[in-house]
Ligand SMILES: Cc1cn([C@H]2C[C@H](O)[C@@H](COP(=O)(O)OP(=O)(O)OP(=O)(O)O)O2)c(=O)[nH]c1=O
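A single chain comes next, written as structure tokens; it is the form predicted on its own.
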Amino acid sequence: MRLILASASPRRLDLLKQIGVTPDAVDPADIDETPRKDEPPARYAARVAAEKGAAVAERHPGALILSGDTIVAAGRRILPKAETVQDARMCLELLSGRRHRVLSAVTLIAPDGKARHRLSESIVTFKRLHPDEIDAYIASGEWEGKAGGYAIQGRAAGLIRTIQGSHPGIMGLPLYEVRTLLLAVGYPCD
């Protein structure tokens, strides 16, 4: 079976290597990721992962397609992938001293077209951030393009009091769920 990763994220490739998986190709999906009106965060993450997989499956008939989407949610609010300093500051100020959810959805489309879906939900709690800490983190540039304006695998790890759930899921790919899906279709891991 050929495995196609429907993501341009180098982080997802690195995470897959941890479970002994190297995709045969990487083909990122180009879809509209705008949340729908009143769409709950978990439903949004699952929908986007499924749509990414479906878009790439059309280009690779007969292949195994793995897609995912990871979002940060504060209550029912879906935080953006920070593209500007203002985005990052808004996210960090909102997350300061409080818990939030990281939802990481994965879709695996088998060669026969059958799609399987999993959702990992983790809880992350930031310490109360001093404005100087926010400024320093923003100056690092790690926030660029990151959901919620931070990357747990970098400097933000020192600002996080607790996590409950999947550390790789927070990074962008819940490995337990991915491994379970791959093994279910007979794809070798480890």
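Worth saying up front: this structure is predicted, and the values here are computed from it rather than measured. Each residue number is its position in the shown sequence, starting from 1.
This next part talks about the form predicted together with the named molecule, which is not shown.
Of the candidate stretches 35 to 43, 128 to 136, 56 to 64, 144 to 152, only 144 to 152 has residues whose heavy atoms lie within 4.5 Å of the named molecule in the predicted bound form. For the options V106, L92, V72, I109, the residue carrying a heavy atom within 4.5 angstroms of the named molecule in the predicted bound form is V72. With a 4.5 Å cutoff on heavy atoms, L16 does not count as touching the named molecule in the predicted bound form; it lies far away. Taking non-hydrogen atoms only, K81 approaches the named molecule to within 4.5 angstroms in the predicted bound form. Mapping the unseen interface onto this chain, M171 counts among the residues with a heavy atom inside 4.5 Å of the named molecule in the predicted bound form. Although the partner is absent here, S9 is a contact residue: one of its heavy atoms lies within 4.5 angstroms of the named molecule in the predicted bound form.
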